[in-house]
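Okay, so here's just one chain, in structure tokens, the form predicted on its own.
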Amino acid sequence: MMLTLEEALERMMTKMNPLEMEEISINEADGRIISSALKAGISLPVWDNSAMDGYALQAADVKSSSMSNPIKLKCLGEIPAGSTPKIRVTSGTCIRIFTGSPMPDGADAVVMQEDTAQDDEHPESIHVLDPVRPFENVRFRGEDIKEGTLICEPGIRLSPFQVALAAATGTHRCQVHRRPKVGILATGTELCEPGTTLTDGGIYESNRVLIQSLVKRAGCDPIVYPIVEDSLEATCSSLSKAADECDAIVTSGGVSVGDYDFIKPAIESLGGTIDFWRIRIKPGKPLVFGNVQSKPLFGLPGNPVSATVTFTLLVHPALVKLGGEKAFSHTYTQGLLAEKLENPGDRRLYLRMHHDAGGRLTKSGANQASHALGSLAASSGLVAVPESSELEAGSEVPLLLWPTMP
């Protein structure tokens, strides 16, 4: 039975159970998925403090100050950042203060240094040249975030800003889901390692480096294995080793029904199961989803475009969930078609498109065949054309953007 994309994705997602948690330093937490709620350890600011370099004073003392009517105040000392004020401000006095320094008792405002002048005859005094309102230039305790406030709920990928906020509230370590290890295999006796001499009838293998990059964009750690020759024994051996060492396996090639396609027979020989192996999209109809040693296995087609399309549409969301993220959605942008797109077939067609600075969408290459890496390299993402339909030039359509690093 050939599944729709939505049916295949639902069946994959129900089998993805987030990995266990581990504790890490907050310094390593950017991009990791929180497994337990992350809350503010203290309030920010910790105490009322100055937002400016200047003088802490009582606003009522200087409400009538101006350039022509400077108000003279006695300066009682200074409060450098990181120190605790020990002097109380009273009417007619002030204290030199710096950005971030705690507000002294008795003061209710800070006048900026630029709005003051030294008294040449009395160095211990200053002249205030501009009025300030009560609480002007004062940051209040907890006005940014209060102790116990939720910073990040479980199942969310931490941003650099959430990490910084957690650190600023005293968090030293946090609990995250373990990052999945994903084994990557390419099958095919014709495949040659780049950098070696190309054999007669051989091609250089590039799918592993492609899938490796895509795996990283799903927030996982890739483990690349040697090229697998076309034999049941070699395929079983490679799959078994990957299942022992990894949390999931992604293969390319060997998933169709040819005499040299050994992924499905190898899964069955190892006691695994196959959930499905065909989906109603183009490119990418032959996609195996199953398991080996209870580890999910995603068998991608051997053609690089088919592998990329099926990975992006199906494997990426599945690996993200395996890594603990509770909700995932692809990123889309809108664009205007510069040309008509036609799909006379009975499978949903995904075309590689280029999105220019003006928002126009054009095919990234005339050759949209599933082996054509050139049009893939020049593309910004995919446009879906429903089966037996066409999209007219000038239509506004969604462009599915290729995943970026988390």
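Throughout, we count residues from 1 along the sequence that is shown. What you see is a predicted model; the values in this text were computed from it and never measured.
What follows is about the form predicted in complex with a small molecule, which we do not show.
Full three-residue contact with the small molecule in the model of the complex, heavy atom 4.5 Å, for 203, 261 and 302: Yes, each of 203, 261 and 302 comes within 4.5 Å of the small molecule in the model of the complex.
Stretch from 215-223, 95-103, 138-146, 252-260 whose residues place a heavy atom within 4.5 Å of the small molecule in the model of the complex: Stretch 252-260 is the one.
4.5 Å heavy atom contact, residue 308 and the small molecule in the model of the complex: No - in the model of the complex, heavy atoms of residue 308 and the small molecule never come within 4.5 Å of each other.
Contact flag, residue 89 vs the small molecule in the model of the complex, heavy atom cut 4.5 Å: Although the small molecule is absent here, residue 89 would stay clear of it in the model of the complex, with no heavy atoms inside 4.5 Å.
Contact of residue 190 with the small molecule in the model of the complex (heavy atom, 4.5 Å): Although the small molecule is absent here, residue 190 would touch it in the model of the complex, with heavy atoms inside 4.5 Å.
4.5 Å heavy atom contact, residue 174 to the small molecule in the model of the complex: No, residue 174 is distant from the partner.
Heavy atom within 4.5 Å of the small molecule in the model of the complex - residue from 116, 207, 312, 238: It is 207 that has a heavy atom within 4.5 Å of the partner.
The small molecule: the contacting residue among 128, 319, 186, 287 in the model of the complex [heavy atom, 4.5 Å]: Spelling it out, the residue with a heavy atom inside the cut-off is 186.
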